[in-house]
Structures are given as C-alpha cells and as structure tokens.
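One chain comes next, on its own, written as structure tokens: the form predicted on its own.
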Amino acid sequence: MTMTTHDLAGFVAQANEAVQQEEQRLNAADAKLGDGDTGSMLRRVLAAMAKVDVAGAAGLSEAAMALAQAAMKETGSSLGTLVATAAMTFAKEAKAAGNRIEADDMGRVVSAMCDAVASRGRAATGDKTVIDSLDAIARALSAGPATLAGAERAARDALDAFRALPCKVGRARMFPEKSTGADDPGMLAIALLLAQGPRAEA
C-alpha cells in the first residue's frame, strides 16, 4: 500500500491530539531527568506541524519538508531539532523514491531517520534515547508486518527494555541513579504518540 499525503496528515493529526492529552505526563517524566518541558515543547512543535497543509502538498517529500520547516521555526530545543531532522530525512527518502513510499519501505526509511537523528544528536544505540526507539521500530518494520501497530509495539518494547538502564548521554548521564528505573522522556513520547485508540499506561 502506497503512503499518501493524506496518510501523513492523519498521522500528524493523531500525534498532535495525543500530545495534548499526554503533555503533563511527559513533563513529569522529564522533570526527573531534565528541565521538565518535554511535553510542552512537543505540544508546541506538533501544533505547528498540524497547521501545515500536508494533504494539499504536491507529494510526500514536499509535505515532510514543510513539516520539518514548521518544527524548526517552533523550537530551539534539542528534541525539537531531532523531530525536524527526522521529518527532513523522511522528505529526502521520499524524494529519492519518486514520492512513492510503500509500507515495506518504512523499515528502511525509519532506519535512515534513526541514523540522521543519531548523527545530529551525537548519540548511539544503547544510550537510552529516542535513537533506541527508532532503531527498534526500524527493525520491527523491516521484519514485518510494516504497520503502525507494529511500530507501537516496538516502541513500547524498547521503552520497557531500557527502563532499568541508566541514560548515557545528556544531563541525565551525570545522575545515573536517577535515570535507572525511569523512562527516558523521548522514548516515552514516541511510545505515547504512536499509541492507537484510548491513551494507555506506558
């Protein structure tokens, strides 16, 4: 099944709705390890992205690039920059594929997004960051079936797998006792924003 700009618009709208409901939960998770503003920052970024006429774009590449530009204008935070980086990478992958992204292509696309985010964020798999979530999602989509439900399961499994480990990058690395047993806010955000149906406990 070929992804359309309407599919991308629907995903952004769903994520925007989810973050409005989960803002305080994400802020609380971030307060244990950082500034306590992950939820508020993502709410602003996704609200800006939701205003983009994604469905009316000429193609997936143009739509994703417009989303990246909207994200960059709305944030100065590191996580917001990574959101923009991921969207920009999706745009490049879509352009290279002639604006035709099939479900079976998503493992490769998410893997490219993971690599770009890792480079921009100067982190690697195993550091307990969003990179670990993206890596898990990419592997799950590549193994199939390439569905949003599969991506959600992979994100939740990664969140569970890393919870007992310490963060190895960012401010949290200086206080390993605080990050051990706590969810990384970025990883939690990915799991929550991919959740289908009623918001569930992560």
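Keep in mind that this is a model prediction, so the values were computed, not measured. Residue numbers run from 1 along the displayed sequence.
Quick note: we don't show the form predicted together with a small molecule, though the next part is all about it.
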Notebook entry, point to check: Of the options 67, 136, 60, 41, which one has a non-hydrogen atom that comes within 4.5 Å of the small molecule in the predicted bound form?
Noted result: 41
Notebook entry, point to check: Thinking of 107, 152 and 195 as the candidate spot, does the small molecule come within 4.5 Å of a heavy atom on all of them in the predicted bound form?
Noted result: no
Note to self: Looking at heavy atoms inside 4.5 Å, which stretch does the small molecule contact in the predicted bound form, given the options 139-147, 47-55, 31-39, 155-163?
What the structure shows: 31-39
Note to self: Residue-level question: is residue 130 within 4.5 Å of the small molecule in the predicted bound form, judged on heavy atoms?
What the structure shows: yes
Check: Applying a 4.5 Å heavy atom distance criterion, does residue 116 contact the small molecule in the predicted bound form?
Finding: no
Notebook entry, point to check: At the 4.5 Å heavy atom threshold, is residue 79 in contact with the small molecule in the predicted bound form?
Noted result: yes
Next item on the list: Using a 4.5 Å heavy atom cut-off, state whether residue 123 contacts the small molecule in the predicted bound form.
Entry: yes
